[in-house]
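This document opens with one chain alone, in structure tokens, the form predicted alone.
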């Protein structure tokens, strides 16, 4: 999107240690004086860039507070350490993403934050597209790629196992790369798809038996 719009893209991977200071800016010592250094959010606001906050649900509460005034009708950033308020450039855009549901009740966006965004939900690609992705990313045979996608879809539908995360396209690509490198197919699925999903021995056994039946 940034390429098509001709805008600069700034990506921030949020985690529990990411603070509003990391995004907005801080004072630093330069030579014999103290100078202010803009953070990536402040630069994006001034320059009209697109800033992408990945896994925003992992961010500390002070970051959420900092972006509220940017994501409503005000479109402005308050820098408390400078006592300044900056109006966003007309081209400024804030994009955020997170995986919903896997930490329900623990790490979720508050309604007051969610309602400041236009929302789009992304599901898994359909079988043909996901098969094409695996072939493109790994060079695996299309028949093997299709079988991996079928295993992934089967596990995704096993809601009764209570998995906190299910099979991502990333895991299937990892398995495809291992198969392409010469590792046996069942072992590739076990180490790249099954084992990363859970530590429960009974669930591991059930998933392993399922994948073995399909390969």
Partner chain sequence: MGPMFLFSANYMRTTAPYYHAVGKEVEVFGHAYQNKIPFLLKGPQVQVNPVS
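Being a predicted model, the structure only gives us computed values, none of them experimental. Positions refer to the first chain, counted from 1.
Just so it is clear, the following notes concern the form predicted in complex with the partner chain, a form of the same protein that is not shown.
> Based on heavy atom distances of at most 4.5 Å to the partner chain in the predicted complex, which listed stretch, 58-66, 144-152, 163-171, 177-185, is the contact stretch?
That would be stretch 163-171.
> Applying a 4.5 Å heavy atom distance criterion, does residue 91 contact the partner chain in the predicted complex?
So residue 91 counts as contacting the partner chain.
> Is residue 37 close to the partner chain in the predicted complex, meaning a heavy atom pair under 4.5 Å apart or at it?
Judged by the heavy-atom cut-off of 4.5 Å, residue 37 is in contact with the partner chain in the predicted complex.
> In the predicted complex, does residue 213 come within 4.5 Å of the partner chain, counting heavy atoms only?
Result no; residue 213 lies far from the partner chain in the predicted complex.
> Quick check on residue 139: any heavy atom within 4.5 Å of the partner chain in the predicted complex?
Although the partner chain is absent here, residue 139 would stay clear of it in the predicted complex, with no heavy atoms inside 4.5 Å.
> Which of the residues spanning 180-195 lie within 4.5 Å of the partner chain in the predicted complex, based on heavy atoms?
The stretch 180-195, when checked against the partner chain in the predicted complex, contributes no residue at the 4.5 Å heavy-atom cut-off.
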